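What follows is a single chain, given as structure tokens, in the form predicted on its own.
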């Protein structure tokens, strides 16, 4: 399945686009100016010296864009790892264990799932006057795991009666060991799919709360760039270079992450295979 995935044209295209953006965010900050420095006149259009012009404070938009990509990727990866860890752990335990433990975890997952995510993010972010990248990533990860736990639980319910699980029970292995060492390896491809989807969702969530001024403080992110573009009415005055590049990068990241997840699901999910 992995070999077929790496031969899929749509997946490779999406992976290439996301990979180029990741490369720009990881390597690019080493080759640009200080994103906080006032280097030229404000609101200057793109030129040879400043390929994406300057913002209303005279800062290099290209430098801020590259650093913003790195920041958004960090938040997305960090929040995605937290969400996957919580979703996989709760999904495995609630799906494998019967009785009050499994039902309680399932009930807790359903309760968290009905909470409106964006208002919760806004409330939690507004509580803290100063918000670090780790804090924002933690908040997003903590509220984004329920759907993953539900999906993992459904997979575990179908696997826990398989022959290899029964043999593990007969040999005396503990329930937690069976869940994590026997069942989870069969779902590694699915867990990767969950992480890819959570990565795109976390980047979008960070951009959403940053655009309303509740994102990381003292940090440049894609959402932060769009926030300042709105504050200075860039769309009304025609300063397209301050809002179009971060908006385009954010769109490409989220859309092609969804395409990667879709193609992985169509290849790894036997119900969706067309071959």
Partner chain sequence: MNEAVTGRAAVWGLIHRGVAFFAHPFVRFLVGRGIFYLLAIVAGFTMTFFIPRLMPGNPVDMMLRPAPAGLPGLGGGTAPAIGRAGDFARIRAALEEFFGFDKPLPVQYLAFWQKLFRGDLGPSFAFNMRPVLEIVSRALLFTLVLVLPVLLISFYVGNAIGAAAAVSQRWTSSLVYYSSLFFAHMPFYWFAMILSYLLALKAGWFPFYGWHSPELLPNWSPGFVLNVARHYALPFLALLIGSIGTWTVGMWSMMLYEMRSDYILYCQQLGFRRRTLKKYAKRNAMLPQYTGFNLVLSGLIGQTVITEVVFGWPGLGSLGYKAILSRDYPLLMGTFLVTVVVVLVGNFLMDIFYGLIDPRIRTGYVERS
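Residue numbers count along the first chain shown, from 1. Because the structure is predicted, anything quoted here is derived from the model rather than measured.
One more form of this protein, predicted in complex with the partner chain, exists but is not displayed; see below.
- Judged by heavy atoms within 4.5 Å of the partner chain in the predicted complex, the contact stretch among the candidates 50-58, 66-74, 31-39, 209-217 is 209-217.
- In the predicted complex, at least one heavy atom of residue 119 sits within 4.5 Å of a heavy atom of the partner chain.
- In the predicted complex, at least one heavy atom of residue 128 sits within 4.5 Å of a heavy atom of the partner chain.
- The partner chain in the predicted complex is approached by residue 115, whose closest heavy atom lies within 4.5 angstroms of it.
- Although the partner is absent here, residue 176 is not a contact residue: none of its heavy atoms lies within 4.5 angstroms of the partner chain in the predicted complex.
- Residue-level contacts in the predicted complex: of 170, 188, 100, 107, one residue has a heavy atom within 4.5 Å of the partner chain, and it is 107.
- With the partner removed from view, the residue among 124, 184, 193, 90 that has a non-hydrogen atom within 4.5 Å of the partner chain in the predicted complex turns out to be 124.
- Using a 4.5 angstroms heavy atom cutoff to the partner chain in the predicted complex, none of 7, 11 and 180 count as contacting.
- Contacts between 213-230 and the partner chain, taken as any heavy atom within 4.5 Å in the predicted complex, involve 214, 226, 227, 229, 230.
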